[in-house]
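In the form predicted alone, a lone chain appears below as C-alpha cells.
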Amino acid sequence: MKSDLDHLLKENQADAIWITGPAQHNPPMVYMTGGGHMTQADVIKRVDEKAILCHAPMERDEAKRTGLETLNYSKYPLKERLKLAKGDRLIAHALLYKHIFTEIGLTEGKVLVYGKTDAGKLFSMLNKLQTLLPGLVFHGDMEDSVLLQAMATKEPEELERIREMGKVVMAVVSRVENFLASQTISNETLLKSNQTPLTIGDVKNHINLWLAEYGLENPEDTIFAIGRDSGVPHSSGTLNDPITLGQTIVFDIFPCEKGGGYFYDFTRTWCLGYASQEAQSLYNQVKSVYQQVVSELEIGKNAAHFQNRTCELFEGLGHATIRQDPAIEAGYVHSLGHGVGLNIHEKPWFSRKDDPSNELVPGSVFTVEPGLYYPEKGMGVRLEDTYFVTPQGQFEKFVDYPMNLVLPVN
C-alpha cells in the first residue's frame, strides 16, 4: 500500500522515488496520481515527505485534480535554460531537473527511477543530470522491492475497482458465449450471416467492440486460440483460423480500465458442440488441480509454494512439468499465477521461489491458472480466475463464471 512507501524506501537505503512519463498507461504514474490527461509529468517523493507532481502549464488543471502538491515546469523557462546550455537541448532538459531537484532539497542520495518514456532520451538525460548533480545516484528497482512491493497489497478502493472490472469482463465473456452459440453450422464450421466461416479474427473484433462499449481498454490484446494454437500458452490465436466444433479454444481475456487503470484476468477453455474423450480427460485433470490448489491456499505462504504444489499434482497425473525441465513445451509449462493490479503481471510472483517478499497476505490480488498444453495433439486447456485475500485472511474469487468445457451450439 502507499502507506508502506516510506518504510520500503528506508529498508532499501533509498532517499526518493522519481516517476516520469505520461499519466495514462504508465502504472507507476497512475498509482501515484490516479491518472488523468497529462502527456508528460514527473512525480518525486522523498522519504517522509509528500509527493510532488511536476507538470506542463497546459495541464495544470489535470495536475490539480490529483490532490498532490504541484510544481509547474514553466517556473524554469526553456528559453533561459537554452541560454545557459548554449543551445544544447540535452543540457537544457537536464537543467530542468537540476532546478526541480534543487528546489525540493534533493541533491544527495539514492533515487529510484520509474515510469514509461523513451529509453534513449532518458538514458542520455540521466547521464547529463548526473554530472550536474553529482551527489545524486540514480537506480532502477530491479528487485521490485519498493514501488511494486507497495502495489502488491491493495486498499479496499482498489479491490472494489478490480471487482467491478471482473463483473464487466464476465458480461463480455457471456456475450462471446452467446454469440458463438447463435451461429449457424456447416461441415462442423461456424458460419456468419453471409455464409462464410466465422474466424478467430471475427470473434476478437467483437470482443474489442464489446469491451469498448463498456468503457474498457484492451492494450494487451486477447487470447482466443483454437486447436494447435490453444496448446501454446501465449499464442493469441491465428486471425484467419475458422471456428470449428470439437476443438479446444483457450479464451484468455485481460482488459483494463480506460486510461491504463486496473486490470482483470480470466480464462476459460471451451469446445463447441462436443469434446473428444482426450480433451475432456485433459480438462478434468486441469480442473481437479485448480480446485485442489484453491482448497490449499493459505495466508502467509509464499506464492512459489503453490507453484511447486501444482507441479507435484500434475506430475502425479503423469504429465511433465516445468519443475522437471525449464525448457519444456508440452505438459504443464508455466507458472500457476501472478499478481494483478495496474500491471497485468505484478507481485506476488509465483515463479520466484527464493523471494520471501511474495507471501500471500491481506490485500494480495493474484490469479490461479493451471493448464496443460499438447500442441502436437492440437489441444490445450487453461482455467483461470482472479482471487484476493480479505483483511480477515480469507481467499475469495472476485467474480464467478461456470466452468463448462462443452458449449452447446445450434
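Owing to the predicted nature of the structure, the values given are computational and were not obtained by experimental measurement. Quick note: we count residues from 1 along the sequence shown, nothing fancier.
The same protein also exists as the form predicted in complex with another copy of the chain; that form is not shown, yet it is the one meant from here on.
Asker: Please identify the residue among 185, 293, 133, 232 with any heavy atom within 4.5 Å of another copy of the chain in the model of the complex.
Answerer: None of the others qualify; the residue that does is 232.
Asker: Could you spot which one of 174, 189, 117, 285 gets a heavy atom to within 4.5 Å of another copy of the chain in the model of the complex?
Answerer: The residue from 174, 189, 117, 285 that makes the contact is 117.
Asker: Considering only heavy atoms, tell me if residue 377 and another copy of the chain come within 4.5 Å of each other in the model of the complex.
Answerer: No, residue 377 stays farther than 4.5 Å from another copy of the chain in the model of the complex.
Asker: Answer for residue 237 alone: is it within 4.5 Å of another copy of the chain in the model of the complex, judged on heavy atom distances?
Answerer: Heavy-atom contact with another copy of the chain at 4.5 Å: present for residue 237.
Asker: Is residue 139 close to another copy of the chain in the model of the complex, meaning a heavy atom pair under 4.5 Å apart or at it?
Answerer: Taking the distances in the model of the complex, the answer for residue 139 is yes, it comes within 4.5 Å of another copy of the chain.
Asker: Can you tell me if residue 74 lies within 4.5 angstroms of another copy of the chain in the model of the complex, counting non-hydrogen atoms only?
Answerer: Taking the distances in the model of the complex, the answer for residue 74 is yes, it comes within 4.5 Å of another copy of the chain.
Asker: Among 159-167, 95-103, 304-312, 202-210, which stretch has residues whose heavy atoms lie within 4.5 Å of another copy of the chain in the model of the complex?
Answerer: Every other range fails; the passing one is 202-210.
Asker: Quick check: do 37, 221 and 334 each get a heavy atom within 4.5 Å of another copy of the chain in the model of the complex?
Answerer: Checking in the model of the complex: 37, 221 and 334 are all within 4.5 Å of another copy of the chain.
Asker: Heavy atom within 4.5 Å of another copy of the chain in the model of the complex: which residues of 20-38 qualify?
Answerer: In sequence order, 24, 25, 37 come within 4.5 Å of the partner.
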